[in-house]
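Shown here is one chain on its own, the form predicted on its own, set out as structure tokens.
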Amino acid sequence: MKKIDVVILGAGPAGVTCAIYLKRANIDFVLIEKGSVGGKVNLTADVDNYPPFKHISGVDFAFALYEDLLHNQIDVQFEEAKEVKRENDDFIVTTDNETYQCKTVFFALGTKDLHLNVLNEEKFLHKGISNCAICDGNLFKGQPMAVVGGGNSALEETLYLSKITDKIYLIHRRNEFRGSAQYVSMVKSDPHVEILTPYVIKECHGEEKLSSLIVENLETKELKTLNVAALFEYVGAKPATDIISFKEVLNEKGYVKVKIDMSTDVPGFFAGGDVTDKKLRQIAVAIGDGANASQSIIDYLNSRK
């Protein structure tokens, strides 16, 4: 078991920012990430609302975060966190590779994508059904595809896919989209996009791979068959908080409840980014969370001396 002052879980914008601030304060910490630095930023086609970048791809933004870690001589432990529990005044963080005993945890593991739970969906996961247009879109270049969802992610990825194929169905269960007006306008004016509202997906069909969807109009109950090679799902997410053993820090939806300084009702346990209970989940907010949390963590560690 390794003893350390702080364990940072998640190397997305919140976790990276917290790590940089703690490094500059000479705090003893470890940064743990199971996937890629940047988290879900890697799955975003474009970042258009983060100053000072007028426009940057999600992958390039994530790489910039990684370069910041290198510049500050911060190593990332590429491990998957399995459990976070309390032990007296400390925490025990267990990963698939190591066990850490620490005084403080900054929890920034973000969210996990949800699925539709419709007929045959599971059969075609990774065989035409995906949560990542950036990762898998080019596998179906030039073929008809569908996107389901009504938020910014669905709108952004529809616009991305329209650059690599001539036919995109955008399916949403409501008549109005929840995403930004700018993206809605761009999607509506895109000649490659056919918007289907208010529709839901009822069934997925194919042999070895997805080849068609059955969709239903919620107002008329009309059924349609859409011949598509791929379906990209952006229907929400759930917080990655299952590994937290002390549930008093979670709200009814499973998000971490934090105070203005990113602390929780459990002393020494801090959280930030998309995993927390907040209205706006954006890169700018997550970076602010990481900076704010770092100062609170430093104050907490000083109080234990």
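Position 1 is the first residue in the sequence shown; the rest follow in order. Bear in mind that the values here come from a model prediction, so they are computed numbers and not experimental data.
Heads up, the form predicted together with a small molecule isn't pictured, but that's what we're talking about next.
Non-hydrogen atom contact A81 with the small molecule in the predicted complex at 4.5 angstroms
Looking in the predicted complex, residue contacts with the small molecule include A81, since a heavy atom lies within 4.5 Å.
Please tell me whether any heavy atom belonging to A14 falls inside 4.5 Å of a heavy atom of the small molecule, as the geometry stands in the predicted complex.
Yes, A14 sits close enough to the small molecule in the predicted complex that at least one of its heavy atoms falls within 4.5 Å.
I'd like to check something about K34: if you look in the predicted complex, is any of its heavy atoms closer than or equal to 4.5 Å to a heavy atom of the small molecule?
Result yes; K34 sits at the interface with the small molecule in the predicted complex.
The small molecule contact at L231 in the predicted complex, heavy atom, 4.5 Å:
No, no contact at 4.5 Å.
Between D261, D277, D46, D242, only one gets a heavy atom within 4.5 angstroms of the small molecule in the predicted complex; which residue is that?
After the contact test, the surviving option is D46.
Candidate stretches 22 to 30, 245 to 253, 269 to 277, 66 to 74 - the one whose heavy atoms come within 4.5 Å of the small molecule in the predicted complex:
Of the stretches listed, the one contacting the partner is 269 to 277.
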